[in-house]
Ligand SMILES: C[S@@+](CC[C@H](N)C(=O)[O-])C[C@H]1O[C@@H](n2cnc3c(N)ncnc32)[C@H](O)[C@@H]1O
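One chain follows as structure tokens, the form predicted on its own.
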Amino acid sequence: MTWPACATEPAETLPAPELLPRLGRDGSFSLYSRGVEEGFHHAAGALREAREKFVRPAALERFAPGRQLRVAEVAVGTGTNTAALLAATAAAGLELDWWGLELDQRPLGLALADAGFRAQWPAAVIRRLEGLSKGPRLRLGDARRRLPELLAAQAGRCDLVLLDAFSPTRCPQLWSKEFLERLGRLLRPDGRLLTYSSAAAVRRCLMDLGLDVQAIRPSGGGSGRWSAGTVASLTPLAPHPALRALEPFEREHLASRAGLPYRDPRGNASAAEILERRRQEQQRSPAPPGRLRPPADPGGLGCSEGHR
């Protein structure tokens, strides 16, 4: 997660928000941000979320052992997604060329200082994560300002792009049409953008940018129609157990006012400004109101329009 790119006031006027340790239902380490009033992970657990929403739909089996995987991660947070990917690529015999964008170093530092977090991973993963946390591949600062540097070096070269910022209603800066367009430019033709978000505004933006969009299936416990997140690619996504096509009710929802994008044309608007712009555009829009009614989520990791 990235802060204060998600704040409503200039960063220099804000104190660092309080970060409260949390444990998910799977026992994994997480945090809650008082500044954003949102948790870093689903209550089911950070470890489960990382594996279900980022590692599994990445379909690492697509790559032959020995292949170098180039990954860009936006909002590194506690480093759980990074660690899960490090462990998975090592098991698959893949090399990882990782680049991250993050403003606040504290969440990763708190995770690495936590005995429970460290116990979740092999020692080699912790050593690599510690190295990345101090190295030049972790670009610190507002992701909107640091992304052009990454594009200059990695445009069209990334196999995976991970987007794990706070939810669109809390941090619309990192879900705007303009930011998503730049993220898409990092991808190889067969690369994948992965996110936990199932928000109509995010999916519609990705589709309008010409990407093939599919939903992530919950790995267990959730309804088959429920979405655990979103995968997008410049080329058609091959069938995979972790993915499914969007349901008719989801596509209908994209055409509603809920599908109108977050806009940040100059790349420096506050959350409040972006949300107000979208509210006004929704009021003027002839599109029907959003009335998404997905099935109940019986303890899985599904996300509704309003949650993450």
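The numbering used is simple: start at 1 and walk along the sequence shown. Since the model is a prediction, treat every value here as computed from it, not as a measurement.
What comes next is about the form predicted in complex with this ligand, which is not displayed.
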Next item on the list: May I ask whether P168, R203 and G259 each come within 4.5 Å of this ligand in the predicted complex, counting any non-hydrogen atom?
Entry: no
Next item on the list: Have a look at 128-136, 233-241, 204-212, 71-79 and name the one stretch with heavy atoms inside 4.5 Å of this ligand in the predicted complex.
Entry: 71-79
Next item on the list: Heavy atom within 4.5 Å of this ligand in the predicted complex: which of A143, L85, I216, L193 fits that? Just give me the one.
Entry: A143
Check: Applying a 4.5 Å heavy atom distance criterion, does H41 contact this ligand in the predicted complex?
Finding: yes
Next item on the list: Evaluate G184 for contact with this ligand in the predicted complex, applying a 4.5 angstroms cut-off between non-hydrogen atoms, and reply yes or no.
Entry: no
Next item on the list: Indicate whether L103 is a 4.5 Å heavy atom neighbour of this ligand in the predicted complex.
Entry: yes
Item checked: Close approach of V161 to this ligand in the predicted complex, 4.5 Å, heavy atom -> no
